[in-house]
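In the form predicted on its own, a lone chain appears below as structure tokens.
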């Protein structure tokens, strides 16, 4: 079976917008999504471990993050709609076949996400009642939520690695099919790209969690004691160091152990070689900021940490998009889709997107205002 025969047919409707428009919002949406996503992907399990073994300041940090978690999950899910939407529009010929091959696992994400969201709420409400509110049931709900979010990350990595592993489709279709029909039970576990990418993204999530620990102390935690905020600066550096080392190890495996020779040749040649190097070393800039500001947690320093981490995530998103196109290049040119502009949905999307960003900015400003307001009395 030729893998190209399994690619979805080109739509007679064409592309509703130029490729640059679709890929810009795919990357932008992914960056906005990955910030809160990282905090529930790696942050929840870290918060639970720190509450268990992290002492008084660790319990404060854990409680702060978990109280914010219902909002962070909501933001991550809603921002995640954007890159998923533009993936379906611009990469539909490979996205749908890949997710059909793993259909039951893909559909299970809805159930897993719903249960994980409930678990986060159950635990967060328990925190409002103090230590007595963290009953064994509520603690178990949080641990289950943490595990489910990690599983969801694994399933998404499956879908997007399978989307570019066209060479493996025939074997998976034959292995998990019956009488010519696939049963939707395939997973891309035989592809080393899946494991390297999934583990590398967990390391990147750890770096974001470390950076956010500093930002939270410097911006949202102004009412906490100076002792806690000084602890948070050192803690953020430790977590970021762990994440950066993890990212470097599994990122090296991803690049040198799973990239095809054609991809390596392109990504290490000029001018893309500059992007590849910047993507690899950019966490070092955030690490330096955290080290430099570790004993002086302030709003201004938090701004630099947040901005540099945003650059790290953006470089990774752009690099991954280029690699994705290179991996698909031998089977499909996604940029060659004929464009048949559909202005009304584009305008509606832009209006709603700007409005949504405005609402999020307004919410964050309100939270900052409350956190920095002098105590009454």
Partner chain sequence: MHYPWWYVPFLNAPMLIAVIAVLHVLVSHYAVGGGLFLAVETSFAYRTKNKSYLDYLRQHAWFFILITVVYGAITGVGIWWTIGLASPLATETLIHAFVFGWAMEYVFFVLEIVSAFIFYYYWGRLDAKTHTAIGWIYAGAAWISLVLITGITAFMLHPGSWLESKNFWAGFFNPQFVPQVFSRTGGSFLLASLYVYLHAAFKVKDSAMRDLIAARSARPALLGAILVVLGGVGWFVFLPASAKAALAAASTLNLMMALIFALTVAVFALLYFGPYRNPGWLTPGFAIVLFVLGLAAFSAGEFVREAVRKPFIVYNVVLGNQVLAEEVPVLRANGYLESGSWMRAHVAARFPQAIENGKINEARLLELPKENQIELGEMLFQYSCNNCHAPKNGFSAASHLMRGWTTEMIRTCSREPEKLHFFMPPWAGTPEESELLTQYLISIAPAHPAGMYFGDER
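Predicted, not measured: the structure shown is a model, and the values here were computed from it. Residue numbers count along the first chain shown, from 1.
Just so you know, the form predicted in complex with its partner chain exists too; it's not on screen, but the next bit is about it.
Only one of 93, 157, 165, 279 has a non-hydrogen atom within 4.5 angstroms of its partner chain in the predicted bound form; which is it?
Among 93, 157, 165, 279, a heavy atom within 4.5 Å of its partner chain in the predicted bound form occurs only for 93.
Looking at 230, 140, 103, 242, which is the one with a non-hydrogen atom within 4.5 Å of its partner chain in the predicted bound form?
For this set of options, the contacting one is 103.
Is residue 342 one of the residues lying within 4.5 Å of its partner chain in the predicted bound form, judged by heavy atom distances?
Because a heavy atom of residue 342 falls inside 4.5 Å of its partner chain in the predicted bound form, the answer is yes.
According to a 4.5 angstroms non-hydrogen atom cut-off, is residue 307 in contact with its partner chain in the predicted bound form?
It does not: once its partner chain is placed as it appears in the predicted bound form, residue 307 has no heavy atom within 4.5 Å of it.
Heavy atom to heavy atom, is residue 225 within 4.5 Å of its partner chain in the predicted bound form?
So residue 225 does not count as contacting its partner chain.
Is residue 262 close to its partner chain in the predicted bound form, meaning a heavy atom pair under 4.5 Å apart or at it?
Flag for residue 262 set to no.
With the partner left out here, if you bring back its partner chain in the predicted bound form, are 218, 293 and 301 all within 4.5 Å of it by some heavy atom?
Contact check failed for every one of 218, 293 and 301.
Counting only heavy atoms and a 4.5 Å cutoff, which of 245-253, 293-301, 189-197, 113-121 contacts its partner chain in the predicted bound form?
Correct option: 113-121.
Heavy atom within 4.5 Å of its partner chain in the predicted bound form: which residues of 178-193 qualify?
Heavy-atom contacts to its partner chain in the predicted bound form: 178, 179, 180, 181, 182, 183, 184.
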